[in-house]
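Only one chain is included here, represented as structure tokens and corresponding to the form predicted alone.
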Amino acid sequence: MKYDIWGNETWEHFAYKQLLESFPGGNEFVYRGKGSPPGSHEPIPVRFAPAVDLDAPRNHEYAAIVCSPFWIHQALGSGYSKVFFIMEPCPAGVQREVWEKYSGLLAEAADLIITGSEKIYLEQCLRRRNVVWWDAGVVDSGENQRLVGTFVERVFREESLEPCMREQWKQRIRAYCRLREDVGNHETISYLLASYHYFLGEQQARELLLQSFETVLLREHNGTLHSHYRFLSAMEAQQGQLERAVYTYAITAVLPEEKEALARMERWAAMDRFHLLEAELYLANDDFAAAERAALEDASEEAEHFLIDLYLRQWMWKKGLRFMESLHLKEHQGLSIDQIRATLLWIRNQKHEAVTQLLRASLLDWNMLLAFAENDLILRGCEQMKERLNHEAGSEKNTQSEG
């Protein structure tokens, strides 16, 4: 397989060389940016292409490895057979809202999300079933690299990644159990163990969460009641204890939006709409994947409105658009269907069609033109990334170019 790598640093400073070694053997990697001088040792066979050339091969011989949402046009508009998105936290100096939006849009379209941040990994596990954590050679690097390779192989075979994700959750449980043996009982370790057991649907998650909560209280840490009780309510919903889960949620439902959510839960319970009740409980704990599954079981117009809100909040706009079209909605929560369509065209590099869509929509609502400012931020970020990757490339006469 051939891979185009759209990095975020020059090859010399590229942080994911070891990750690329985890990809199945016999591959060819093309790095879009400045290369290393001849004779330097590289762990993988790599060729270099000038970053100034933002056009990628338009055929299915290549897959893309993309390290920034600023490359979203190249990732989704270049005919790649597969897209692997290395997801990172928002860097300093970048608007967080824009970074998170286009990271979310790219993550939803990607075949596999890879992250070296366990925080991002946990967040994404609450959304999708195509995400792998890479330990950067810190802990169980051998086992982890093998698992990354298995993920990649299953992506190309178009097989479910759920077994791999379950294997990684068990891997993380083993790692944290060893850590707890070394450092003793710690609230963070217990909480993370509870999270992974929760992903596996195991009742042990509740016991570990309560251990974490008890330790937090003994150490007089503030601000944890809310998060622990919400997590506990999701666990109870997972075990089918819906009445108990609503009661647990109600303990910390003090803000107006929380009270509104509680009122909806009570209404669904009174109407025996248990799938929607379950969906609301999962949503309160940011378990979007479980909330989606529960709402889809209800198959009602109320469930469709619930799903539209969930999809648009999580940048799953393609799914949201499908439901909005079926319900003939022109807008939802202040977001126009024309803006959604234009954005989905734009991120796939169909810029002319996207601009036409926005201009037509602006005849009815001039606020549509604000989308151009956001698009400009992404284009400027892309240009800055290109300049960084190609920094002083002209002086590197010995850099091997793509041929």
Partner chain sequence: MKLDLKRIRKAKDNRLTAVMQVRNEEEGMLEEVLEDLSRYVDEIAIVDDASTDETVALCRKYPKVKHLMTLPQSHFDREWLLRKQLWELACSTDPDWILAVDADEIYEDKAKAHMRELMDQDQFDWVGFRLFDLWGDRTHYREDEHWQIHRRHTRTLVRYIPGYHYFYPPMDHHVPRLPLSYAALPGFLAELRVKHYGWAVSREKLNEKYARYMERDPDGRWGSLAQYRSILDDNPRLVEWSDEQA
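Predicted model, so just to flag it, every value in this text is computed and none were measured. Positions refer to the first chain, counted from 1.
FYI, the form predicted together with its partner chain isn't displayed, but the following is about it.
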Seminar exercise, completed: TL;DR on 301 to 309, 273 to 281, 189 to 197, 156 to 164: the one with heavy atoms within 4.5 Å of its partner chain in the predicted bound form is 273 to 281
Problem set entry | its partner chain in the predicted bound form reached by all of 151, 170 and 177, non-hydrogen atom within 4.5 Å | no
Exercise. Just one of 183, 92, 138, 254 has a heavy atom within 4.5 Å of its partner chain in the predicted bound form. Which one?
Worked result: 254
Exercise. Which one of 321, 105, 242, 329 is close to its partner chain in the predicted bound form, taking close to mean a heavy atom within 4.5 Å?
Worked result: 242
Exercise. Does any heavy atom of residue 296 come within 4.5 Å of a heavy atom of its partner chain in the predicted bound form?
Worked result: no
For this session: Indicate whether its partner chain has at least one heavy atom within 4.5 Å of a heavy atom of residue 266 in the predicted bound form.
Result: yes
For this session: Answer yes if any heavy atom of residue 224 is within 4.5 Å of a heavy atom of its partner chain in the predicted bound form; otherwise answer no.
Result: yes
Exercise. Does at least one non-hydrogen atom of residue 129 fall within 4.5 angstroms of its partner chain in the predicted bound form?
Worked result: no
Exercise. Which of the residues spanning 201 to 215 lie within 4.5 Å of its partner chain in the predicted bound form, based on heavy atoms?
Worked result: 210, 213, 214
